[in-house]
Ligand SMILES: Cc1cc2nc3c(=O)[nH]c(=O)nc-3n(C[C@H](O)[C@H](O)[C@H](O)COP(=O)(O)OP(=O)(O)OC[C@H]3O[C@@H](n4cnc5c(N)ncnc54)[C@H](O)[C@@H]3O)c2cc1C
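The data below hold one chain only, encoded as structure tokens and taken in the form predicted alone.
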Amino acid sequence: MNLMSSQDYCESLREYNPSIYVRGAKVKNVVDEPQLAPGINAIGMTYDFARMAEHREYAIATQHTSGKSVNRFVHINRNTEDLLSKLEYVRALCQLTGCAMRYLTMDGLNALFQSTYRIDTALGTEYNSRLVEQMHRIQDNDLTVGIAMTDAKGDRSLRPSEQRKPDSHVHIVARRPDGIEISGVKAIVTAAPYVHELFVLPGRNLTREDKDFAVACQVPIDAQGLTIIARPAGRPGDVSAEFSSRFGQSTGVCVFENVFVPYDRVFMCGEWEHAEHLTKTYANHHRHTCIGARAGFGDLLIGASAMMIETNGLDMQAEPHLQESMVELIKTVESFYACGVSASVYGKTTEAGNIEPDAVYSNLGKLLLAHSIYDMHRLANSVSGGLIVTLPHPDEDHNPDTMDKLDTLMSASPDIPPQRRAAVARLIEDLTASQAGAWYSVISVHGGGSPAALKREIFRKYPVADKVELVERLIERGVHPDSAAKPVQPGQCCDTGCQPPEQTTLPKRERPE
């Protein structure tokens, strides 16, 4: 079992030489770039967690295709226990990091495992065996693979093949004897600067005219012709950022310019009719994972809110309104997490042999958290008070002219040091009222698909027709299990079939003059 540590992960990144820009400057080496450090720290935790005995039960899995023990984030899920362990693992990591990011590798592998099997079965290709070979290499080297799925899109009223600028969607520009060349722009690529490789996936359904846009492949982060234009991760270097100066997430725009991909790393090459299946399968796996991630973030808000109440000198047991807000916060977090558990329990084994979470519960859980993230912030803010945004900058804590004067402001309970109250207040500010807090809100709404996309998928997958049939049976008095086999007689009003009353006409009344 080859499990890297966070330090090993950092050293492995030094072996790559990607073309990355952050804030207008080219990055010499991602490991030494302070603006990316919070993101590298967060993914580093996924490596260290798997090496800790207390997390081994859900962090390590046995890969069925090789029999090897691997980090769960590079594993093919096979049963309900795998899905539940995945949720636990993601939630536990995001309690520490806010967003663990590496779970994208697992979601991509599972979606590709299903879709390549489906294409092979339909067309006789060999994509699945290629994927398994690449997956074993990823597992043996304990790599992190990002997902480049969302295209720049261009004019959204037009299909990919109709765009004025074809590069608004990644597409095949050349087919060579040894591989393909791809060009185009992928946006919103999570953790792009500090992964080892990228899975490039189609971002929508396609038509025959769009066949060149039907491409799925695996690209090293330093492939020639790939440029990444990224945001800083979190709030690096900001001493007031109790959380996001240590852990954060960078997203990048990935520009592919005639990037060569050998065929052993190509998993879809023009099979346009299978693009939608891959897109929606990945979305389902990832939305299930998002539930665990945001539940871990919710745990941070619950714990920080309770601590803020305590440091303010209040007792929740004696303050019903505080209890009510805390219960509302708990209800919100555990409700969407319960959807994740249900999606795991009702997951279905696919023809490929892996398990896919139930799509209705996955999408419902993601929709609930997307709608609830601002309520979570509001509840945490309401129980915390205005100190979380009015507390002076941490530099004042060490300013000899002001530090003593602030002691009165920060003193509440005699049992709690003022410094502790300040630390909790700044943590809640960071999580809910800062640039990083706003970022978590937007990614909760749009990460893994917009609310509109979630609603479409719920409506598409939910068995509305079964509910209609249920009501039809009730209307027909079909209350007995075998009553559906009984013919419905015109005019029948009960199971035994009595005669309906004869239709009568009321006497016509003369209208008074």
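What you see is a predicted model, and the numbers here were worked out from it, not measured in a lab. From 1 onward, residues are counted along the sequence shown.
The following text describes the form predicted in complex with the ligand, which does not appear among the structures shown.
- Although the partner is absent here, H446 sits close enough that one of its heavy atoms falls within 4.5 Å of the ligand in the predicted bound form.
- In the predicted bound form, the ligand lies within 4.5 Å of some heavy atom of Q249.
- The ligand is not drawn, but in the predicted bound form it has a heavy atom within 4.5 Å of V189.
- When contacts are judged by a 4.5 Å heavy atom cut-off, N29 does not count as touching the ligand in the predicted bound form.
- In summary, among the residues V215, A241, L104, A295, the only one with a non-hydrogen atom within 4.5 Å of the ligand in the predicted bound form is L104.
- Between the options V442, V345, A174, L123, the residue in contact with the ligand in the predicted bound form by a heavy atom within 4.5 angstroms is V442.
- With the ligand left out of view, the stretch that reaches within 4.5 Å of it through heavy atoms in the predicted bound form is, among 417-425, 219-227, 152-160, 134-142, 152-160.
- For the partner-free chain shown, nothing in 17-43 comes within 4.5 angstroms of the ligand in the predicted bound form, judged by any non-hydrogen atom.
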